[in-house]
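The chain below stands alone and is given in structure tokens; this is the form predicted on its own.
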Amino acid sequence: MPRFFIEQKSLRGHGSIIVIEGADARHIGYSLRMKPGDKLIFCRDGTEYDSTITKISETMVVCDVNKSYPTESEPSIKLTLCQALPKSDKMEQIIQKSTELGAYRIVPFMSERCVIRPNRQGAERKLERYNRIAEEAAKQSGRGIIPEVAPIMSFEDMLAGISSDIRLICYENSGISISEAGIDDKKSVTVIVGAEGGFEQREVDKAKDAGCVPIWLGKRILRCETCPVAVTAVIMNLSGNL
């Protein structure tokens, strides 16, 4: 069944009617060739709305809500993935896969070993594309929310914004096993992952001062695009969400 994310303004009649306009309305009418009587699922803030089309035009789709319910696929744990910006299109892959696995928020940041240094205009273009990839991955994987991809920020600003119960940084030179980090489904988690080459020791020290615990995922060194996917999967498993 086709699935769309909606804004609050689309909900009408105390949640009994959904009105879709713009690009999604055109997609429903022209690309999907749907008509009155066809069913759709709409999602907002972890709630799904099982709906039936009642009216459709070139610019608007009106649906009756048959029932609403919490999205079963949405994880109970809120995981924030802070990822140092890697080369090429690796960040796009990381966003896609971590969204599929259940990340709640993704924060790209600059570390000392980041190779690329986008200017303001380039960063804005990347952010727009990153959020579009997150939306597409959320639709494909049946998520109840679209994970926010934050603007690219400095290492210091990234640390200052952490508010999770558990704060972790992946560091191959020292740390505890992730299985010892006390992760469960009642706690929020932030995990920080480096770009190519990992982190400088002084960056790890700053993270520790901010309450982050160094962890490692095993005896093998993972590529920067592999580590965030692996750590997201492990955290989902440890919290009972995989």
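In this text the structure is predicted, and so the values were computed from the model without any measurement. Start at 1 and count along the sequence shown; that's the residue number.
Here the subject shifts to the form predicted in complex with another copy of the chain, a form of this protein not shown in this document.
Interface membership of N131, defined by any non-hydrogen atom within 4.5 Å of another copy of the chain in the predicted complex, is ruled out. Contact check for P147: every heavy atom lies farther than 4.5 Å from another copy of the chain in the predicted complex. Put simply, G15 is far from another copy of the chain in the predicted complex: not one heavy atom of it is within 4.5 Å. Proximity of R223 to another copy of the chain in the predicted complex falls within the 4.5 Å heavy atom cutoff. Across the options 205-213, 65-73, 38-46, 52-60, residues that bring heavy atoms within 4.5 Å of another copy of the chain in the predicted complex belong to 65-73. No residue in the set L81, R120 and A195 has a non-hydrogen atom no more than 4.5 Å from another copy of the chain in the predicted complex.
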